[in-house]
Ligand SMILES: C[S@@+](CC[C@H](N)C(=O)[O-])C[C@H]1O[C@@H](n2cnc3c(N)ncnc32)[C@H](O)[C@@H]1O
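The form predicted alone is given below as one chain in C-alpha cells.
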Amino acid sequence: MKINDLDMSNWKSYDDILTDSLWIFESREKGFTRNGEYHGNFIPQIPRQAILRFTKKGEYILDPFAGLGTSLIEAKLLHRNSIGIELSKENVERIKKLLQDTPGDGDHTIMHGNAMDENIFKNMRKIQLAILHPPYWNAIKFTDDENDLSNSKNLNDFLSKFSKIVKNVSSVLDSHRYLVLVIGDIYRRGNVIPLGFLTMNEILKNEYQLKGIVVKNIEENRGKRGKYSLWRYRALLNGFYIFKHEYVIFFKKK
C-alpha cells in the first residue's frame, strides 16, 4: 500500500528525506510561522520528515500534544490536513492564529481538551499519521491540569496516562499506518529514567510493529542555555552524562 507521494523511479532525487538512524540538525528550521519560544516545543524538521515519508497530500495528521502547533503548521505547509488536541486554552488560540498566517491549504482543526478523554475521539475522522511528543514526565510543568502528563504523581501514573492516550489515538489511526513518538530520557536523583524505552514498550503493548529508532541531537536547550559549564561540573561531580539526544521512534499499526 502506497503511503507517500515519493516517486521511487526517481528515488535518488530525495536528498532531503533522511533514512539513517542518527539525525544531526545544526539548528531549528525557521521561516513562515515557525518559532521556538514555547518551552518543550520540538523542532519542525521532525514532523516534516515524518509527514513526507509516511503520508500523501490531502491525508490527515493527528497531534494529541499540539503545544504551539508545530505538527499542524508543517502539515499545512506540505498540503496535508491536521487535527490537534491541546490542554492549554491560550495555546489553542495562538495555534489558530499561527495557522491563519501559515501558507498552504487543507483542513486544520485544533481542539481544547485532554487526549485521555476518549469522547474526543468518538466522532473523529480516521487519520493516516499520528505524531506524539508528550511531556517528559515532570521535567517541565506545562499546565495546572491534574490530568496533564507533566503533573503525574509518579512514573507509573505517567505511563498509565500515556498508555490511555495511545489507545485513544490508535482508535482513529488507519491500519498499516504510522505512529511517531518523540521523547527523551530524564534524570531523577542522579539516575536515568529511560522514558524513551518505557513509553516505547507501552505502545508495543498495542497492535504495533517497531519500525525504527532514531537518535536526534539536542543543541543547548532553554533549560541549559548559558549553563553548560555548570552542568559539566555537576556531571563530573555526580558521575552522570549530560543528555545531548532524544528519540524519534517509528511504529506501524498492524
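Quick caveat, the model's predicted, so the values are computed rather than measured. Numbering starts at 1 and follows the sequence shown.
Although it is not shown, the form predicted in complex with the named molecule is what the next lines describe.
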Stretch in contact, per heavy atom within 4.5 angstroms of the named molecule in the predicted bound form, of 168-176, 99-107, 122-130, 69-77: 69-77
Is it the case that N114, even though its partner is missing from this view, gets within 4.5 Å of the named molecule in the predicted bound form, heavy atoms only? yes
Within a 4.5 Å heavy atom cut-off, is G196 in contact with the named molecule in the predicted bound form? no
Even though the partner isn't displayed, in the predicted bound form is N91 close enough to the named molecule, meaning a heavy atom within 4.5 Å? yes
Contact between S160 and the named molecule in the predicted bound form at 4.5 Å, heavy atoms? no
Taking the named molecule in the predicted bound form, which residues of 124-149 have any heavy atom within 4.5 Å of it? H133, P134, P135, F142, T143, N147, D148, L149
